[in-house]
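Next comes just one chain, in structure tokens: the form predicted on its own.
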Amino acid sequence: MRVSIITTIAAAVSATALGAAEIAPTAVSFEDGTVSQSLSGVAGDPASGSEIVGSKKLGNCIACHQVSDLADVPFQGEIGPSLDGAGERWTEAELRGIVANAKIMFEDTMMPSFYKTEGFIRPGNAYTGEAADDTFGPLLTAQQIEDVVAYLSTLKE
């Protein structure tokens, strides 16, 4: 038992040391709208991604998109394309780029940039009516982006 705990701790430390470092929103490298490198350095969890996509408080993707897999979530949108089949239409790198900052691939999109912290015009501080302060961050974390990408990759037609 003690050996397995030590082995587990050593594996976790090694994974961290080998580059499981998070990429800051300002350091994301886009190539033709795609982001090939994981933003968190950790594989995404499709179950967590499903919760984010269907959550009205996190990603809120269903406000604009329809997802048949989340049929139990009411009031799905029709502004953006259906996400059914997203895992067949786009590669993981394309999905990551779209979720992080769709405006790089689709210049005129209305989709918000979920992993961006600069280049905004007059960002606000939530619903306070005040200007953004030094706590201004991306809409989703790097790991949440990876979770959403992992979930969208499972959506096949």
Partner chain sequence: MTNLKGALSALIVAGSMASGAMADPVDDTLIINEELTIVTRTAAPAHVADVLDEVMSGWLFRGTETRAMQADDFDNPGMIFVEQAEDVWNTADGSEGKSCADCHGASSDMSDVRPTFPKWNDAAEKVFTLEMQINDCRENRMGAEKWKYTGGDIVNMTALLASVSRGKPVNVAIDGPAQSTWEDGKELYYTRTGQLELSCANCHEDSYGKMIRADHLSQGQINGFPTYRLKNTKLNSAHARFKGCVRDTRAETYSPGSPEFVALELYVASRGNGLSVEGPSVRN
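Definition used throughout: the rigid core is the maximal C-alpha set that superposes within 1.5 Å between two forms. Computed from a prediction, not measured in an experiment: that's the story for all the values here. Positions refer to the first chain, counted from 1.
The following text describes the form predicted in complex with the partner chain, which does not appear among the structures shown.
Segments offered: 86-94, 41-49, 28-36, 106-114. Contacting the partner chain in the model of the complex at heavy atom distances within 4.5 Å is 106-114. When the partner chain is considered in the model of the complex, A71 lies well away from it, no heavy atom lying within 4.5 Å.
When the partner chain is considered in the model of the complex, V67 lies well away from it, no heavy atom lying within 4.5 Å.
Interface residue remark: A24 is not counted as part of the site for the partner chain in the model of the complex, having no heavy atom within 4.5 Å. In the model of the complex, the partner chain lies within 4.5 angstroms of at least one heavy atom of each of the following residues of 37-71: G54, S55, K56, N60, I62, A63, C64, in sequence order.
The Cα shift for G129 between the shown form and the other one, taken after rigid core superposition, is 2 angstroms or larger.
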